[in-house]
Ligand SMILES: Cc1cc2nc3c(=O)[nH]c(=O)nc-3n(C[C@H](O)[C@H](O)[C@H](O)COP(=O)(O)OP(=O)(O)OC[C@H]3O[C@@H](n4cnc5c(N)ncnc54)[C@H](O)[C@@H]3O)c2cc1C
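First, one chain by itself in structure tokens, the form predicted on its own.
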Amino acid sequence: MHSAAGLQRAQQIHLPGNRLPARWAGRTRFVVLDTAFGAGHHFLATWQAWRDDPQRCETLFFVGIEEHPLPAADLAQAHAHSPWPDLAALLQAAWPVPVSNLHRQVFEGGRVQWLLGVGAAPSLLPKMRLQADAVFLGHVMPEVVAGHFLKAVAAHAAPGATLASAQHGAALHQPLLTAGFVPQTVSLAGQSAALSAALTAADFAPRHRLHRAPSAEVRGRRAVVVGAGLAGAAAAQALAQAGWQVTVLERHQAPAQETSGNPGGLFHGTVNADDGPYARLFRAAALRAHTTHAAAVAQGVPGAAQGLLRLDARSGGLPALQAMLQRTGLPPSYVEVLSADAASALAGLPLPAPAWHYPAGGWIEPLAWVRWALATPGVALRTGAAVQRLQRATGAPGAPAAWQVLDAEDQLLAEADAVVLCNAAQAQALLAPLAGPGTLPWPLRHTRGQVTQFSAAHTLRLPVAGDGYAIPLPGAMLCGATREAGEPGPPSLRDEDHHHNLERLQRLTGLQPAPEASLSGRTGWRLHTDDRLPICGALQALQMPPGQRADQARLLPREPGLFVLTALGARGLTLAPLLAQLVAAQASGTPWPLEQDLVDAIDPGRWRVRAARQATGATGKAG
């Protein structure tokens, strides 16, 4: 925690040992990996060095790993005497909820990007996806050195990467060589012999080519996003913020004309007793959604990012919920269990059951959010542009050709280096003519949902969910939504669905419309998969090479420049911001904001993987 020691390591070991700032001069981007983030002193020193350098890289990515992030009060104390109080204050304001996920923040208008992984470095590092140009190596225990840790570091090292550590060189020399790092002598002018002896520096120069998962990075920076609903608007915003020029093509005459046009929607996390991949994915998404939506609300988008209550009337009552929360170890800054009385006090009206309280949950108006996201500089929207076909342009030999997007008359709508399909079920129809034999279709299903709205004066302070939901709009109440399997049809309203929504509203909150109140509403069709997880990321190769190993999603070759973000189900407001940033990171070749196992769970090629595993299992049994 001590700031002097941390700053000394950064300024006298990690920066000079990695030959910084000289090595980032003139670079478009530079990625630093810090395996022992601590209180962030290394980050602050690197950030200040970047600020001070007129030859600095355009974008600095700093990726840190910390198993036990400091409480906010201890972090402030650790930075009490920082030589850069302005930077320390920004870091403290951005300090994440201490849960085991990856946490991303941006500074300097996006030119400094910080990603903090919460977890033990030996177990977390293999799950991360990044290519580091410089490694700040924390103290490594001998038994870990003898194992796989430095090999995991090497798996994340970019060509020409360097490494520096304050650990004595003799203990690291052979493990570094085995991992592909060649120890170097670094001259530290004006520094003591003792400090120089403590420095270990190395260059990444592996003798053999490393086997790495295929990259989806795109060379150019022009993108077309097909669809201007929540998914499309989020993807366009994330790409534009990553430096892309983005054209959004929407078949309707205005954005968010389908389910994304509802007057309000919820965002929040979830709790599972085993804290498995589903819970981790939705927790990461909910925390990112809160940051994004709070910024939108601050800029005038209708909504509130001040918390959400989810009633839970399961058997066992309050003690069962408390025991479940205790097993997960989740902090109250992410979720807490409230009695019915405590939840009622927070909501402002009597509630019938105990509740999960998500401080980072809330509600927002999807249509206004979509318009806000599409207004991001670098995004151009074209409406009335119905995409009918994709094809490759004629390109230079050996280089991936640009994508061309055409309409029903085969007229060119746009040409770009990357295409992101955010047009719900139509994405699969666009891909079908390009797919090779044996390509499995995604198992997609539609669910009809109707919401009900009426004008009302009420005291409900927070949105409440459970069996249905209640959203306190300004001067009105929104409740819903029905759920009925079926194919999309006319968006007509049904009186029986209004009645169903109002019955659930009364059970949740005791609220009902006045007899003279008129009911309005909206109908939309949610798209989801058989496993209830979204489809997101770089598309697997549509013409799979013969003999290609297909039992792991991360090993599938990718279709250059082709991405998808769809099937968000009823959780679009929660999922879209984070998953859009994943697509932008994959396309840009920057550190991913989500762990590899969670990316595998939502990979567009996961059904191919399941089929390959089933075939292997069947073959094995037959033998």
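On a predicted model such as this, the values are computed, not experimentally measured, just so you know. For every residue, the number given is its place in the sequence shown, counted from 1.
Missing here is the form predicted together with this ligand; even so, the following discussion is about that form.
Review point. Which one, Pro557, Gly569, Pro69, Pro560, lies within 4.5 Å of this ligand in the predicted bound form by heavy atoms?
Key: The option sitting close enough to the partner is Gly569.
Check your understanding: Since exactly one of Ala231, Leu239, Val420, Ala289 fits, which has a heavy atom within 4.5 Å of this ligand in the predicted bound form?
Key -> When this ligand is considered in the predicted bound form, the option within 4.5 Å is Ala231.
Check your understanding: Would this ligand in the predicted bound form be within 4.5 angstroms of a non-hydrogen atom of every residue among Asp34, Thr162 and Gln174?
Key -> Result no, not one residue of the spot touches this ligand.
Review point. Applying a 4.5 Å heavy atom distance criterion, does Thr247 contact this ligand in the predicted bound form?
Key: Thr247: no contact with this ligand in the predicted bound form.
Check your understanding: Is the gap between His252 and this ligand in the predicted bound form 4.5 Å or less for some heavy atom pair?
Key -> Although this ligand is absent here, His252 would touch it in the predicted bound form, with heavy atoms inside 4.5 Å.
Check your understanding: Gln540 near this ligand in the predicted bound form, any heavy atom under 4.5 Å?
Key -> Outside the cut-off, so no.
Practice item. May I ask you to state whether Ala385 is within 4.5 Å of this ligand in the predicted bound form, using heavy atom distances? Key: Because a heavy atom of Ala385 falls inside 4.5 Å of this ligand in the predicted bound form, the answer is yes.
Review point. Counting only heavy atoms and a 4.5 Å cutoff, which of 221-229, 102-110, 71-79, 341-349 contacts this ligand in the predicted bound form?
Key: It is 221-229 that comes within 4.5 Å of the partner.
Review point. Using a 4.5 Å cut-off on heavy atoms, which residues of 499-528 contact this ligand in the predicted bound form?
Key: Going through 499-528 in order - heavy atoms within 4.5 Å of this ligand in the predicted bound form - the hits are Gly524, Trp525, Arg526.
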